[in-house]
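We begin with a single chain expressed as C-alpha cells, specifically the form predicted on its own.
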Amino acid sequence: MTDRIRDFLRVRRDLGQDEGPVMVLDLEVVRDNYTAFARALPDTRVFYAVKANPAPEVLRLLAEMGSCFDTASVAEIEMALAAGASPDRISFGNTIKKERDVVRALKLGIRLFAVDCEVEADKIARAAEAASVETAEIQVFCRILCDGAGADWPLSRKFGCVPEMAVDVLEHAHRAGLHAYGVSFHVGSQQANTEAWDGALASAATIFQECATRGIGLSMVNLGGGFPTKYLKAVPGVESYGDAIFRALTKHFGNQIPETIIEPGRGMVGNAGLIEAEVVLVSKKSQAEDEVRWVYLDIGKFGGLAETMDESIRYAIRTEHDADRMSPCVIAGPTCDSVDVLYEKQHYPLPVSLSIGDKVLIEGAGAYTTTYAAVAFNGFPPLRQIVI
C-alpha cells in the first residue's frame, strides 16, 4: 500500500465515507510501471491490455506517456481513442470478432488485427471491402498456442493455433491481400518464470523461416503479456524479464531481431490498486475446537475477485490485527451463491481477533477486479473504483 492510498483511506474513514468495498488505484504507481517496462525493453512497443483496468484516468495517463493499447472489443477501441491514442497505436487483439465489429474498427482507423485461423482472416478481408479499406493496409498477426507452465492463470486452448498451422494461416491472409505481419503468443498470466518466452520465440522463429520460404516476409513478434504483480509471493522484477526476453530473441533470431511489442496488463496496474473491504460475519460450521472459522467479506467472486476461481490468484490480505495470533480460515463472499467462496482448499491464516465490522485490505487488486464486477449480482453494486 502506498502512502498516497493510506492517506486517502484515512481521510475517507474520518469523513465517514467508507461504506461498501472500494478499490483505490494510485496513478503514480502506474506511471512508474510504464517507465520500468519502457526501460526494460527499450526497443519494444508497449500495448497496454485495456481489459486489465479501463479506467479513463489510467488510459489517459498511458496515452500521454506514449503507450499503445491492446483492445478486445469496439468499446475498448473507443475508450483508447477517447483517452488520446491515435488509431495506429491500437490493436484489435481478440481473435474472436464479429464481422461488423471489424468493419467498425476499420472505419475508426484500426489497421492491426489478431487472427488464429483462416476463416478469421477471411472475415477481415470481407470487412475491408465493406469498410472501403485496401486489404494491403491491414496488418494481421497469427496467435499461436504455447506452454503456460509457470503461470498462475494459464491462457491456453481457447486462443491460438499450433505453430505448424500458423504458417498456413499467414499464407492464407497474404493470398487474401492482407499484410501478413507477424506472430503472437501468450505465456500465461502471472508468469513467474522469466525463461517462459524462450520456447515460444523458438516457435516464432521457425514460423518466420517457413514463411520466408513461401515468399512472405514477417516482421513482428507480439510477446504478449504475462508479466506478474506481487501477491503473496515475491516475483522477479521487470528488468529480469527484459533481459531474458532479449537473450531469447538473440538466440532464436540472431542479428535479425524483429519488431516486438508487449501487452502488459496485470504487470502495469496490479500493484497500483488496493481494495478496502469489511468483515460481515465470522462463524464456525461446528462446535469442534479445531474447526476452521469462516470469514465472510462484503466482497467476493461476483464483486471483483473472480480470479480467486480455483484459488489461482491468492491476494495478500492485511488487517489491523496482524500482530495477533493467526489461525486458518475459509474466506467467502456475501452473495447467496455457493460458489462465492474465495479460499477453502488452502485455508488462509487470519487473526483470531478478527471480528464483524473490521476492515481488511486486499493488496495487488488493481487488475481484473473492477472489470469483473460489472453486474450487480444479488443487488450488491459493482465494485467502486477511485483513482488518485
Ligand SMILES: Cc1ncc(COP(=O)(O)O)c(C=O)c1O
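Note that residue numbering follows the sequence shown and begins at 1. No experiment lies behind these values; they were computed from the predicted model shown.
Note that the form predicted together with this ligand isn't included here; everything after this is about it.
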*Considering this ligand in the predicted bound form, which of S203, T308, T194, Q190 comes within 4.5 Å of it through any heavy atom?*
Q190
*So which of H174, R143, H252, K301 reaches within 4.5 angstroms of this ligand in the predicted bound form, heavy atom to heavy atom?*
R143
*With this ligand left out here, work out from 26-34, 331-339, 48-56, 354-362 which stretch has heavy atoms within 4.5 Å of it in the predicted bound form.*
48-56
*Would Y241 sit within 4.5 Å of this ligand in the predicted bound form, counting heavy atoms only?*
no
*Is the gap between G273 and this ligand in the predicted bound form 4.5 Å or less for some heavy atom pair?*
no
*May I ask you to check whether F113 falls inside a 4.5 Å heavy atom distance of this ligand in the predicted bound form?*
no
*Tell me, yes or no, whether F380 is in contact with this ligand in the predicted bound form, where a contact means a heavy atom of each within 4.5 Å.*
no
*Any chance D152, Y315 and Y343 all have a heavy atom within 4.5 Å of this ligand in the predicted bound form?*
no
*Which residues from 226-245 come close to this ligand in the predicted bound form, meaning a heavy atom within 4.5 Å?*
G226, F227
